[in-house]
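Just one chain follows, in the form predicted alone, and it is written as structure tokens.
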Amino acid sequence: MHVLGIDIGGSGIKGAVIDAGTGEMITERYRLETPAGAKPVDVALVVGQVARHFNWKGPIGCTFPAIIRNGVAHSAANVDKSWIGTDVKALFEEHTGNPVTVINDADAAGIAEMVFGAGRDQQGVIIMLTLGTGIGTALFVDGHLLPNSELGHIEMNGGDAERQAAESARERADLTWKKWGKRLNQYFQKLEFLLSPDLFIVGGGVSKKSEKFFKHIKTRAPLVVAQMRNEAGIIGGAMAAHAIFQNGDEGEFDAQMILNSSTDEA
């Protein structure tokens, strides 16, 4: 089944038509800038533009950088605070004219990696991290997702970890790869102490340069690059919408349902 996946990030909103059963991108990726301030209506207008670019009629799977429950945002770390309490699903449906499924962005990326990428057939505790404007995380135990984990916001040096260790922090402070790697090392070691993972999967656009900073991160668990790279969110968002369409559930969906729906076709 073909589904339009749209991934909303702090700097860009990108979409592509995805074969939800194989994870294959059917079209080229289309990207627009995230509007300054990232307020609800402004973002929704861009989401509508992406859908119109593909002349899309059908299910849309959309990721969003926030805690998402029943299509409603319950946090706003890297977008305008007015998102809190916003029915993101209803807003995007209004601006696209299509049924929309909304899922936390890191959870979507993690699901794509677990089904088609670096986490495929892996068991135990797996943490997927996306390094970008913030630090997104998806936590899996034997293939089951704990939704909305938000581990990028754990305490580090008396403050929020992502403010110190996200890729945006490297750019903001003009850090060398070595200095940034040392910050990441501290963050990864805190996660390892708290959760004892069996595998770390690292995604986000900066993962393309993993050779510059992986060597500065020392963990017991293996550290691998996400195979879907920066497309994981688009693919995972489409997979979520596909699962909703297959199961006919418009309410809060179980992440395992997404994994099962896609694995059945993979």
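Quantities reported herein were computed from a predicted structural model and do not represent experimental measurements. In case it trips you up, residue 1 is the first one in the sequence shown, and so on.
Same protein, other form: the form predicted in complex with ligand BGC, not shown, and the subject of what follows.
- Only one of 117 to 125, 91 to 99, 147 to 155, 176 to 184 places residue heavy atoms within 4.5 angstroms of ligand BGC in the predicted bound form, namely 147 to 155.
- When ligand BGC is considered in the predicted bound form, residue 164 lies well away from it, no heavy atom lying within 4.5 Å.
- In the predicted bound form, ligand BGC sits within 4.5 Å of a heavy atom belonging to residue 106.
- With a 4.5 Å cutoff on heavy atoms, residue 71 does not count as touching ligand BGC in the predicted bound form; it lies far away.
- For residue 168, no non-hydrogen atom is located within 4.5 Å of ligand BGC in the predicted bound form, even though that partner is not displayed.
- Of the candidates 66, 226, 43, 60, 66 is the one whose heavy atoms come within 4.5 Å of ligand BGC in the predicted bound form; the others do not.
- Along 129 to 143, these residues reach a heavy atom to within 4.5 Å of ligand BGC in the predicted bound form: 130, 134, 135, 136.
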